[in-house]
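Form predicted alone, single chain, as structure tokens, below.
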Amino acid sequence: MNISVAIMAAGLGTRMKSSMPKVLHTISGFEMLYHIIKEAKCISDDVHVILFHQAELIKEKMSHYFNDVHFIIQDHQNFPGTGGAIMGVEPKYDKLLVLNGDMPLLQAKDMQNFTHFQAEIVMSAFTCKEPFGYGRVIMDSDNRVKKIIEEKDANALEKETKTVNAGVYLFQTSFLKENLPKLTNHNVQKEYYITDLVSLSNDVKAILVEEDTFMGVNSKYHLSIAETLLQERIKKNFMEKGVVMRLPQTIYIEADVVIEGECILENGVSLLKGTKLVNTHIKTNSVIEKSTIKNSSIGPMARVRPDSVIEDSHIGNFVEIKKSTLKGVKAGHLSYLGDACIDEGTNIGCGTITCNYDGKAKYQTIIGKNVFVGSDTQLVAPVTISDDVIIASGTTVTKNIPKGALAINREPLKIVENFFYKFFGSQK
């Protein structure tokens, strides 16, 4: 689409009460600014992000995700304010959509709606029950904007208007080139306001939008509201595609998670960024991080840590998997499997631990097919266990085990008769 986008992310965000820039606070696993850049790139190949406060930090973070975004440092000393922010933008196309970096719920389809109207300026407005603090949008019956007036400047009649400015604008680039130089900072804040451009045009159209979608995040409380709304959107999308969720309000899914086929998510499940599920059942209170799970059941109360691949397996309660590949494996309960590669037909007994860390480095455990690992076993990596092996309960494995062998290193049981009475000094 032939449209340029400018995202304003230069503000201090003081109401967040944080040393972190406002636009870097996260919802559903990603920074607020990430969400809006990602959606903007769906409609434009000319995206500009305007920075000032902690600009280098924000640029560094966003550059991990996007390598074709234009970052602009606002000349805040000479041209402060929202109007000053867009003075440094040089749009590639004849229309410029201006967004705010603290609107993480905006989607590409919402942005495209602005292009359906022809005017020098198309601006967003919504109707709210409690308009206190918002700039009022005064319109005629055709939604032509007559003026925007701030709360402090509105008279009693204007304050009764419940249509307020949502802060997103589509400008004709030619209009901006002609009128941006006309902006002044003759106001209490000594700033250049983007809203003043409205008064310089006789061709301003307002489109009514939904408050929930266009909400700006200005505090930790607002952040929690945006998180809830985005989670509802994510989960609704998956459920409409066939995913079963038990008590979905208790489930947490981050924004890039992929779920395919027939999956079941029980209450309390958390699916973190980088996770992919295919035809899988995740049971109550399990956590999956940056892993791929196919045709398996996980939990309840299991944890799969990053870079794991699990296929055709059953992982039970209180089992932790980390950076491991399991195919056709059963690990029913109370085990830790880290830096392991385990093949099909293998059973991992209760209390099994891969001892993968010596205090300096991590080492791998390789387990072949049809291996039976008894309970309370320690596998001291690096170690390889071949196919068709039995490891007796209570064994500590410190060397490779050949195919078809039994591994056992238990001490013979010793029984000392009447020791109880000798120790405690009494006898029946």
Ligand code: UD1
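Quick note: we count residues from 1 along the sequence shown, nothing fancier. In this text, the rigid core denotes the largest set of C-alpha atoms whose superposition between the two forms falls within 1.5 Å. It should be emphasised that the depicted structure is a prediction, and the values quoted were computed from it without experimental measurement.
Below, we refer to the form predicted together with the ligand, which is not included among the displayed structures.
**Q** So the ligand isn't shown here. In the predicted complex, which residue out of Pro91, Pro80, Gly349, Gly316 has a non-hydrogen atom within 4.5 Å of it?
**A** Spelling it out, the residue with a heavy atom inside the cut-off is Pro80.
**Q** Identify, from the list Val204, Val329, Ala166, Ala226, the residue with a heavy atom within 4.5 Å of the ligand in the predicted complex.
**A** Selected option: Ala166.
**Q** With the cut-off set at 4.5 Å between non-hydrogen atoms, does Gly135 touch the ligand in the predicted complex?
**A** Although the ligand is absent here, Gly135 would touch it in the predicted complex, with heavy atoms inside 4.5 Å.
**Q** Taking heavy atoms only, is Ile194 within 4.5 angstroms of the ligand in the predicted complex?
**A** Output for Ile194 is yes: heavy atoms within 4.5 Å of the ligand.
**Q** Do Gly261 and the ligand come within 4.5 Å of each other in the predicted complex, heavy atoms counted?
**A** No - in the predicted complex, heavy atoms of Gly261 and the ligand never come within 4.5 Å of each other.
**Q** Given that the ligand is not shown alongside this chain, does Lys109 nevertheless sit within 4.5 Å of it in the predicted complex, heavy atom to heavy atom?
**A** The answer is no: Lys109 has no heavy atom within 4.5 Å of the ligand.
**Q** Tell me which of 278 to 286, 144 to 152, 354 to 362, 112 to 120 has residues with heavy atoms within 4.5 angstroms of the ligand in the predicted complex?
**A** Answer to the contact question: 144 to 152.
**Q** Does anything in 68 to 105 come within 4.5 Å of the ligand in the predicted complex by heavy atoms, and if so which residues, in order?
**A** The stretch touches the partner through Gln74, His76, Pro80, Gly81, Thr82, Ala85, Asn100, Gly101, Asp102.
**Q** After superposition on the rigid core, does the Cα atom of Thr228 shift by at least 2 Å between the shown form and the other one?
**A** No: Thr228 shifts by under 2 Å between the shown form and the other one.
**Q** Determine whether the C-alpha of Ile138 shifts by 2 Å or more between the shown form and the other one once the rigid core is superposed.
**A** It does shift by 2 Å or more.
**Q** Note yes or no: does the Cα of His116 move by 2 Å or more between the shown form and the other one after the core is superposed?
**A** No: His116 shifts by under 2 Å between the shown form and the other one.
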